[in-house]
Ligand code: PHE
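Take a look at this single chain in structure tokens; it is the form predicted on its own.
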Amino acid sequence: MGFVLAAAGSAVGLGNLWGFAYRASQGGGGAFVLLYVLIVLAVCLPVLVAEMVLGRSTGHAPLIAPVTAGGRGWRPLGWLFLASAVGILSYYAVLMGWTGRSLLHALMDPLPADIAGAEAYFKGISSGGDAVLGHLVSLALTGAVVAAGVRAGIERLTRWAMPLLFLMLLGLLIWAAFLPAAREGYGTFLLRWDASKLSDPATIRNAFTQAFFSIGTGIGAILAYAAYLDRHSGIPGEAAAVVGMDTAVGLMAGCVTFPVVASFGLGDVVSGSTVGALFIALPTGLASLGAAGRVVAVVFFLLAYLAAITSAVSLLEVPASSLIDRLGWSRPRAVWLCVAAIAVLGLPSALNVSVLERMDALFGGVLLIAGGLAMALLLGWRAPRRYRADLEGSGSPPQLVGALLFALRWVSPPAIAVGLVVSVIDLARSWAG
């Protein structure tokens, strides 16, 4: 249970609460949701199982595990894991800082009364000294949890944070269902169907990015946690539990966000900005509800910060555990050195939102998908015997193992390759434009 909650905490983060609403609203609607669910089940789940197998079967950190399983030729995959985790955490901590600052603002100050006020407020927390301070404080808190150890830090945090997160999200879901335009919100943004969007490059890229970023495959975070699993754990069932919880949170978050957007006429803000849904639209809409809206804002941003820190600790565990495994360093030394390096790397994102968005597209999109493709090739083609032996040795039925291995070899690689090519081309076009 500790592993499942920690792994779910790694998967459940701002990608669910922040990314899902934004990407679903960019014209995809129901087509985006359908693609997202299909990618999660048919592509990400077999790769997630493979990542868990790689961690448990080798007992090594993400930097070394690919070499142990596939030989020296797979060393670049270990470095790709580190680059992805460090790159994502460098801007993710900035988002955590914004979230923490929004929580404090909801607690102590009135919510912005209109979009202009919200945009002015967001500009203040997303640039300059406030943004840098939030970035550094969030990294420090993350470092303190990881430095405390796997059981005393990471597992203890997720054991109470994840159930609390689900309870708060369920409460917000029920509240949002009774907003005046809740049905319109579900129909306009989440359930609107346009079959042409299934072949739209932007929708495909958004679905792949959301699936891989949300589940966390291709970073090495789940691999790092799985290195501590015992041989009796049923990995396929645990992977299904993680995917189920993560997907449920994403859909529930959408069912909270879109009724608010529709009820308060905030559609243009959400679809036009990666940060609009979370930091501009929601506070503005909730302000019109008076004291009740302020309570909801406090609960929502507390929920978002809990989701963010459970993901951040898994990202930091990737480079920290790799230094411990490779160089024999103590955990505090490895953790705080990583924190210092990531703090410096994240300064450009803290000072410029456009840099953050490009970092997200590159590290949270392209490199993440590339890591998932490499993982599928490693366990599906280079070391399939390790995959089968580990799963069958822990009691998984041979038929289930065979089906997962078939998907890992013949479904995941071509699907991920298509998603990667489409993502690179679409991203290049958007940057060039």
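Each residue number is its position in the shown sequence, starting from 1. Everything numeric here is computed off the predicted structure, so don't read it as measured data.
Not on display, but discussed next: the form predicted in complex with the ligand.
At 4.5 Å between heavy atoms, only one of the stretches 144-152, 215-223, 253-261, 118-126 reaches the ligand in the predicted bound form; which one is it? Within 4.5 Å of the partner lies stretch 215-223.
Non-hydrogen atom within 4.5 Å of the ligand in the predicted bound form for each of Ala11, Tyr92 and Ser314: Judged in the predicted bound form, Ala11, Tyr92 and Ser314 all sit within 4.5 Å of the ligand.
Although the partner isn't part of this model, could you tell me whether Asn16 comes within 4.5 Å of the ligand in the predicted bound form, counting any heavy atom of the residue? Contact with the ligand, yes.
Considering only 49-86, what residues come within 4.5 Å of the ligand in the predicted bound form, judged by heavy atoms? Stretch hits: zero.
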